[in-house]
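Here's a solo chain for you in structure tokens, the form predicted alone.
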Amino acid sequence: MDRYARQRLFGVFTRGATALVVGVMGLVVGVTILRGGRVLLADPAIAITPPGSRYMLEGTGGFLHAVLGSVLIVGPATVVSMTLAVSTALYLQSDYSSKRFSDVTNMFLNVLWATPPIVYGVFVLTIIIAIGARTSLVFGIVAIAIFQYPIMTRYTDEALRSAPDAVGEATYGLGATRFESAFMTIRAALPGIVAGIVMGFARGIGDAATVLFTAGRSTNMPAGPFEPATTLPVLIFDQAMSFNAEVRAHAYAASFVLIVAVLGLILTSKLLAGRYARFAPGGRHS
């Protein structure tokens, strides 16, 4: 077989693999949106209604408690993780640390990124048991923040590395301090940083394993930082195993809300990255 035939064969394989992946993803999203959307159209109030006293048995009420639980856990976790991630990524730049230290740190961050989420949940659960506490919203925040940290840090580090060297050279040439130079570099890398933050939020809001052992399961509305709370992924997991057909139908509705939220966050990251691209050297201006 000559090289042109191999090239055509490779092209066929790559297009086929792409079509397979896109087809499976489209099937999953399509079925979820179709079945979940049908349930929500029939009873849209379930997304904004608190659960009844016997919700998991009778399906009375809705899953507002899980929507609020997801927001109250992932929102603060994202703020904490974002602060730590941006600070770490800045320190890993050449102005603050050596290349060897930066490479070793990035290797460990890659390992943490590849670590299964349930490991983070078990780690925080070990802390909960050691201090004699119980699962609660605040421990869910801690677990999700740890889970998001390597994702956001790697995104931010790559974004800062991709910023033109001319930014730092120009700021130092004007007599700027390291802090002022870092601030300008962040502005130049804003599209990548924003994308990383939004993607970290999307990963956090869609994860069940991390909060399964840390935030607990509850059919009540979130009552405080030290009370158990549930999230949409955990709720879907519980609902899908119910013997009650109405509760299982709510699982599709909750899946619809979750998948629309994640797709919306991904779209938002693209729009914000384009919006903030004007701060980058050579970026478009509105």
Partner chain sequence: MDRSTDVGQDQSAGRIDRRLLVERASHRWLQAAGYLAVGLFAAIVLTLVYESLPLLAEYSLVQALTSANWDPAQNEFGFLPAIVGTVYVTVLSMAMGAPIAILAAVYIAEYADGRLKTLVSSFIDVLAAIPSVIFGLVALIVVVPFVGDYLAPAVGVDATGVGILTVSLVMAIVVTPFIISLSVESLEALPDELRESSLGVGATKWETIRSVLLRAAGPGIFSAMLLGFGRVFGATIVPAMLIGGQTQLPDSVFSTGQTLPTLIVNDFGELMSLPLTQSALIFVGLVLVVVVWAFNFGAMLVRSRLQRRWQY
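Not measured: the values here are computed from a predicted model. Residue numbers count along the first chain shown, from 1. Heads up, when I say rigid core I mean the largest set of C-alphas that superpose within 1.5 Å between the two forms.
The same protein also exists as the form predicted together with the partner chain; that form is not shown, yet it is the one meant from here on.
Mapping the unseen interface onto this chain, I46 falls outside it, with no heavy atom inside 4.5 Å of the partner chain in the predicted bound form. Remark: L272 does not count among the residues lining the partner chain in the predicted bound form, judged by a heavy atom distance of 4.5 Å or less.
Contact annotation: Q93 falls outside 4.5 Å of the partner chain in the predicted bound form, judged by heavy atom distances. A residue is said to contact a partner when one of its heavy atoms sits within 4.5 Å of a partner heavy atom; L72 fails this definition for the partner chain in the predicted bound form, lying far away. Relative to the partner chain in the predicted bound form, residues L68, I193 and A245 are all farther than 4.5 Å at every heavy atom. For the options L125, V138, M184, L160, the one in contact with the partner chain in the predicted bound form, meaning a heavy atom within 4.5 Å, is L125. Residues of 199-216 that come within 4.5 Å of the partner chain in the predicted bound form, judged by any heavy atom, are M199, R203, G206, A208, A209, L212, F213 in sequence order. In a rigid-core overlay of the protein, G264 has its C-alpha displaced by under 2 Å between the shown form and the other one.
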